[in-house]
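This document opens with one chain alone, in structure tokens, the form predicted on its own.
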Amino acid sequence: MKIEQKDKKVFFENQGLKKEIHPFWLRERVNGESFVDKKTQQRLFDPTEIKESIEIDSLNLSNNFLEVTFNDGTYTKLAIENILKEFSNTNEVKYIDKIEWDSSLRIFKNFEFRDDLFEGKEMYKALVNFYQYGFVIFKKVPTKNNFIVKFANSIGSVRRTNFGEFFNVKSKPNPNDLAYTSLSLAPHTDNPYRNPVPCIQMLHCIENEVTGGLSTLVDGFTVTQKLKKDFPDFYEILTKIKVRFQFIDQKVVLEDWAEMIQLDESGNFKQVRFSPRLDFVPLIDKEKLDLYYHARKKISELYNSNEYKIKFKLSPGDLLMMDNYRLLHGRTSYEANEGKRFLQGCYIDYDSTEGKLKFLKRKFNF
């Protein structure tokens, strides 16, 4: 893609197609001190109040900049790189390639907590790692005073749910969720009944004295790609049929309809929802249901297969941050009488990690 000028007009060319850039589009992007706040990059003017028919009076195009003077007397100097970014809809996060992984993933990089972690280069590297693999582990995170909340809010903002700002994962009497027992938990995604589903989950290990209770992770992206390649009929129906996910306790009823495999507007992987104790398949044609049930069974077999699952023990101070749209998590059973196993959890949304990553990238010119 490139920018050209001719006869007081600006053009961009992409894959042999040349189109004119609207003069008003350029006028909206004037960036002098009297037009844009330096700190927030917010406009100091309202473009809807510009009444004149904007035209270009003069142009100067160099290798790196476009200088424009408009017929209302306004002058601006725009970086060509920034113009091209807008036309290509560049998003730093979307250009981080997902790395498919399975049970052969033995070694993954951990990041050690420091007081300056949140504003440093290590946090940028950790977030890139998070988007590549769908999870990242921070070591030696303070375990006092519900520090998980401070950690989460230092990246973005905690997504509060009916479980609270944060929740304590430990065995307790009369639980409203199986997470609060010592039973094993099969691979699942959290809160599939919410709209929208919380994007990112954090689990911070406070105590872990038991021999069992291993954390498990499965890459839903890898499994989805496997299903798409080897079982296309199963893949198609799981991306088409919406099922009802539901959660009920004494104070709330939550439900949402969604596909088990959700695709984006381009037909690419976006999200998996899987929690067989909470899904209700709609009453549709028997033939479709027959295919659907076979598809659900197959993807469940893949999720629960040792071929795709990794297991590891979280130690006190370990904080696991995982993508709840991509990964399934669970745990092995443990004996509650053997000792204490205490984790704290919370949720944040994608704008938290995306915003932090973009800020750090620009701060350190990565």
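Numbers follow the displayed sequence, beginning with 1. Note that this is a predicted model, so its numbers are computed, not measured.
The same protein has a further form, the form predicted together with a small molecule, not shown here; the description that follows concerns it.
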Give me the residue from Gln201, Gln271, Asn129, Thr224 that has a heavy atom within 4.5 Å of the small molecule in the model of the complex.
Gln201
Answer option from Ile348, Leu357, Val10, Leu343, heavy atom within 4.5 Å of the small molecule in the model of the complex:
Leu343
Even though the partner isn't displayed, in the model of the complex is Arg331 close enough to the small molecule, meaning a heavy atom within 4.5 Å?
yes
Verify the contact flag for His188: yes if a non-hydrogen atom of it lies within 4.5 Å of a non-hydrogen atom of the small molecule in the model of the complex, no if not.
yes
Indicate whether Phe167 is a 4.5 Å heavy atom neighbour of the small molecule in the model of the complex.
yes
Among 62 to 70, 298 to 306, 323 to 331, 41 to 49, the region lying within 4.5 Å of the small molecule in the model of the complex by heavy atom distance
323 to 331
